[in-house]
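In structure tokens, the next block holds one chain alone, the form predicted on its own.
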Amino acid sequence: MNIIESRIDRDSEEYRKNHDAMKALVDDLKAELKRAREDRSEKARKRNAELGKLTVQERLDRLLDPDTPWLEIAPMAARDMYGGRVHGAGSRCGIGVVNGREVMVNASDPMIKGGTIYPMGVKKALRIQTIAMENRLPTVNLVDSGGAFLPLQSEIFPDVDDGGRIFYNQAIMSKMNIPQVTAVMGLCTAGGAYIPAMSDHVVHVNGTGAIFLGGPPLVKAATGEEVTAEELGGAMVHCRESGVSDYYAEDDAEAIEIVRDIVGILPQPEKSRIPTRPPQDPLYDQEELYGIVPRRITTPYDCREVIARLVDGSEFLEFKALYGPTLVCGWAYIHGYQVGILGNNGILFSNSALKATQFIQLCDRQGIPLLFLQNINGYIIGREYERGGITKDGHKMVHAVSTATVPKFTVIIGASFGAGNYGMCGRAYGPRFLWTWPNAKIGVMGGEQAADVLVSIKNDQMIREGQDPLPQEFIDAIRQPIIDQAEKEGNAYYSTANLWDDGILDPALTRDVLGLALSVSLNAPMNERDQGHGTFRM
């Protein structure tokens, strides 16, 4: 493989300004992540302590093996929703190592509205289950939840992607032989009672853990019977009488030790194999990415400079380097794992799309995971390009992305607009994981382009009706709200709040996150589905 020779001038004013701008974005990101982890009311902290419970962070610290990586998923889900205090959509979730085994962890945070489940909490739970199923990860649930947030029940309960889907997925995971271990550390109310009931192993904490389909207030309203939570569904009830729970624990700490022991006895299938070699550090400092990425999303830059700081030894075997130059494709290694990389160097033309299609097919047949580095405004448009077949050539690329069976990973490192989001494996195209950088922008098109399109449509309408085009002050009044809305709804924080991604990454940490994700993906069998493709429009 060839070493990518960097052409970045670290002493230039442009590099320095870019570096400062990205550093400011990363500092903001770190502050937001800290707020999501730690911003809890004193009342909630006091109540948690009075009950003798560990905090969610203390539970995670005891559960995970010391000095092992923790890949948190959607830590800022529901940011600025529901009054701005339902951090992480009410849970801490991620992939960590427990007793030497990679597992998915879903931990309720009882200090956020008593662990009550909001609509985005349901969406996050479903995302966690999808990751577990795609990557064959045993799942550990640390449940401490008051059930659905009733004022928003219509957004939680009835639809195909609402709360009931969680239990459906649990049944499917069981059929797939994916172990599920649940520690009942607080309330498991109503539908939430099915989480432990549908798990393989249930650990129940005495005094605080309770499982019931209807809590004491509902029982009294429905039957007139007065009963405490402990009498209705406490540890002694379910460990001694009903048999719902399997292991009795006196407190959180003992429950977590039991969970660790259970994970330790789970069968550990051999991981899938892909081409590997001993890992090497890149030749260039990963923090140089701060100075490489332009301050303005519209300024082009060479994605090879990004690749050089992500891959082992900064080595890259480029595929069809002279053909379709607006898309860079090639093979490299990340933390010793071979990957096929596709990175944008401009808008996608027909030759770029055809090049991508061939490259994806090669990687799929050779069992090599795919990494998409998105910085894309879309596919080329215009009469010449439509006559040249851009629609059918773009379709080939989208088709190849859709049907590839190898693990796919996407990082949005700049723009992600229109069909370019699709062709470069956006969320709808099944990447195992998708992350954004703090500078990322997502939308059907950029705000200024959207505003110009709408102004043009309005002017065309007025001319057809025999009126004069809009005066400039009217144009400005139309354009600015559209630009402002696109800025609000297209930024990385809006994306991560809505779970369009699995988190915002510090660019300097991207290489390590990708290494973890590659390792995790190999827990699932490779090429489980038949390789092949549907019809390509010729």
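Start at 1 with the first residue shown and count on from there. On a predicted model such as this, the values are computed, not experimentally measured, just so you know.
Here the subject shifts to the form predicted in complex with a small molecule, a form of this protein not shown in this document.
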Listed range touching the small molecule, judged in the model of the complex by heavy atoms within 4.5 Å, from 243-251, 184-192, 386-394, 450-458: 184-192
In the model of the complex, Y429 touching the small molecule (heavy atom, 4.5 Å): no
Proximity of L150 to the small molecule in the model of the complex, heavy atoms at 4.5 Å: yes
Proximity of L509 to the small molecule in the model of the complex, heavy atoms at 4.5 Å: no
Non-hydrogen atom contact L470 with the small molecule in the model of the complex at 4.5 angstroms: no
All of I274, G336 and G367 with a heavy atom within 4.5 Å of the small molecule in the model of the complex: no
Contact residue in the model of the complex, chosen from G420, G146, G234, P138 - any heavy atom within 4.5 Å of the small molecule: G146
Candidate from G330, P282, G94, G114 lying within 4.5 Å of the small molecule in the model of the complex - any heavy atom: G114
